[in-house]
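Listed next as structure tokens is one chain, alone, in the form predicted alone.
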């Protein structure tokens, strides 16, 4: 039986506008309800090693309101806790970033997606490249322990030259951490309605390999499938997810996994607020996680990171006979109970998992 959760996610789904690739809930105004849910769930929390304020664009909530939420949490923060916040570059300025740092935010993740204006236009992004550069510089000046930038590859219309330009730009910024994701076109988004087409698999694979190669050459560690960090700047909150640690999620649509149960707060800000105002928990979909589900998730999550997976902890794969075949093929290595993907295997992680597991 696991103990109290040491990791907390706060969903703050505020956005000035919906980006073309976004499928998140978008609404404004529910800080009091979120604090009420947090108080209601306090018994599930132990000393907090990490807190993550995600969205949406949490920085559209003014620092004084964020301060109230963090003041509620402050007695629970462990020494050296990582407190992260997501931000769109156009929503922050020098003064606000200093305020965020002053109220206890230690890490900021800025959503750039690209530095190429024509790609930003296709993604319906509000920030210009100059606003991204300015936000990064102001965040660095504000004294955050880690400054991260999010980028995308596989964007419709993205050429190899565009990718090289984005690589050069982000390396020149000298940030501590970079998340570089492959674009997905999700159901119900503007990109889907526009009929946007993603590049073929070969072009996307070439782009991914170039991202990894370019960032490693610049001194970043490829520590997770889509994440790169200078030494000591890995996102501890995300590492907790990939380690299959328990975490509590608070807010509309937030997901929690605690003590073998997973639940998701239902969408709908109005219903969420009404439930908390009435002193009730928000409506939730609850799933009991059986042994096989937990085992498969440990494999799926554990092979994302650049460290060994302990099969004594994770349990066996569904197809243990595939381990030898994949090892012979140069896609993974084994030592006792430890398994890890090779560099080549990391580029085809999903294919490896399909060989090992019934479903992932």
Partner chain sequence: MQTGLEVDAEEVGVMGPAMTPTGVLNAGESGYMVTGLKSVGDLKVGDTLTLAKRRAEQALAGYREVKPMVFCGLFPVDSDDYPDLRDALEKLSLNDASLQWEPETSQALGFGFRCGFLGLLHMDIVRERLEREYDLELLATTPNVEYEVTTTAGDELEVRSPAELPPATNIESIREPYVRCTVLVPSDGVGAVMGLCQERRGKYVTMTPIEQRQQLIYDLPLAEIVTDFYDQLKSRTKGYASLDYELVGYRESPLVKLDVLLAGDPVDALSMIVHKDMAYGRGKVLVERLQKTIPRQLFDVPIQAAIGGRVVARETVKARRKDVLAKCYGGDISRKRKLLEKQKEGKKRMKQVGSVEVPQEAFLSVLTLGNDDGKGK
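Numbering follows the first chain given and starts at 1. None of these values were measured; they are calculated from a predicted model.
Form predicted together with its partner chain: not shown, discussed below.
- Contact check at 4.5 Å (heavy atoms) against its partner chain in the predicted bound form: none of 30, 93 and 124 pass.
- Residue contact check for residue 347: one or more of its heavy atoms lie within 4.5 Å of its partner chain in the predicted bound form.
- Using a 4.5 angstroms threshold between heavy atoms, residue 65 stays clear of its partner chain in the predicted bound form.
- Proximity of residue 54 to its partner chain in the predicted bound form: non-hydrogen atoms within 4.5 Å are absent; the residue sits far from the partner.
- Looking at residue 300, you'd find a heavy atom of it within 4.5 angstroms of its partner chain in the predicted bound form.
- Comparing 57-65, 305-313, 329-337, 34-42 against its partner chain in the predicted bound form, the single stretch with non-hydrogen atoms within 4.5 angstroms of it is 329-337.
- For the candidate set 146, 227, 114, 158, a heavy atom within 4.5 Å of its partner chain in the predicted bound form is found for exactly one residue, namely 227.
- For the options 172, 274, 281, 289, the residue carrying a heavy atom within 4.5 angstroms of its partner chain in the predicted bound form is 289.
- In the predicted bound form, its partner chain lies within 4.5 angstroms of at least one heavy atom of each of the following residues of 203-223: 204, 205, 206, 208, 209, in sequence order.
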